[in-house]
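A lone chain, given as structure tokens: the form predicted alone.
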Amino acid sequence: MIIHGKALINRSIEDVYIEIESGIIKRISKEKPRDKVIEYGDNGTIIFPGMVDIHVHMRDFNQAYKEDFYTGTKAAAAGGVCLVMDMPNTDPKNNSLEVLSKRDKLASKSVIVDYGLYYGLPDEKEALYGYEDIAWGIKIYPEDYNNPLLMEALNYNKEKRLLTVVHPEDPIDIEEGYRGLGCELRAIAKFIELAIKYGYRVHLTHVTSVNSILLSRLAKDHGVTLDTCPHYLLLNKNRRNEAYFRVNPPLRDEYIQENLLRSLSRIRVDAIATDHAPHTLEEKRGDDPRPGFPGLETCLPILITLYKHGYLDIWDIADLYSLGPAKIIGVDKYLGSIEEGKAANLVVCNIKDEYKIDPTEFHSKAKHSPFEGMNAYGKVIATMIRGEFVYRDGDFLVQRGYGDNIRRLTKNNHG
């Protein structure tokens, strides 16, 4: 298979022919081949590397009514995301080897994009041993901070060279009903101190401010990385303070949000993630609204829109939502850029196509969005994973179970 079009390669847009064989990019050339070519050379169409979302909630098990691996990965494919990393705060919680195995088997039968799993902090030390055969790392929530097994898990991850993902909010502040920026900064300080002192590799997820980025940079040389989300870039509590907009960490004051957005191209986070957190609309609007929003179908268009408005360069989109995430989880030899020898994970977008975000058209079960009605650019035309079109012109072209666990894929294909 050969695809032709303007592609994002080496931080530039190049008109190229991409030859794909056995799921791998075999050759990139500017010379027109004699073989049949799939043409994506229309004005405004760009071929990006497949996006990597390192923070999603596929729900499944007892909360499958909100989302499941099939609907969630359909949303991913329609949003140009080729790999999703699933969080463990499921029901039942994914923090035992038995539940982890069940979740992997369930996902492997349902997904249409590739996936990875995070593991929850287990209740017993023995449940740490061997979790890395299936999962990519451990997710630490605020309620885990004072768990005696926290240090055991950090030490185990260090020994096995595994990732520790941290939700940075101080549990003492949360117990006292305070989730302001200080709550976030104190948690970040705690974990960068551990990273510097003991050499743990820590990733701080969904940070909300420039101050959080600057503080974490004190430990950048010690392997500390961080991401933020589109809702922290574009939404604030001054304009969006009603119950629907509840999320953890919460939306910040307008000046904090605007500083984060304006600084995006200069004071860089390592990645953008969605924290795709689907709930029913009734749960979002109820007496105790559930925190979070769906985001897999809006993130790439939002980043393209930020490029169109001058907040990002076009290659920043791939740096933040493809290569950066791939580096954080350690699969950048396999994913994250359009290069010979890497997986043929490609996303075709028309960056001139302007439209209003309409959640009723989502493939996620959560057909609502904090960005409803927003003018956006960047309709996804096609999503290819390992040389196969998974999504093309509004249709899904693979069966449930096409996707695979990134742990198995990298072990089998890239050592």
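Predicted model only: the values in this text are computed from it and were never measured. Position 1 is the first residue in the sequence shown; the rest follow in order.
The form predicted in complex with N-carbamoyl-L-aspartate exists for this protein as well; it is not shown, and the discussion that follows is about that form.
Comment: 54-62 is the region of 54-62, 383-391, 26-34, 367-375 lying near N-carbamoyl-L-aspartate in the predicted bound form, near meaning a non-hydrogen atom within 4.5 Å. The single contact residue among 277, 78, 331, 99, judged by any heavy atom lying within 4.5 Å of N-carbamoyl-L-aspartate in the predicted bound form, is 277.
Residue-level contacts in the predicted bound form: of 252, 167, 342, 327, one residue has a heavy atom within 4.5 Å of N-carbamoyl-L-aspartate, and it is 167. At a distance of at most 4.5 angstroms from N-carbamoyl-L-aspartate in the predicted bound form, all three residues 89, 247 and 291 contribute at least one non-hydrogen atom. Using a 4.5 angstroms limit between non-hydrogen atoms, residue 141 touches N-carbamoyl-L-aspartate in the predicted bound form.
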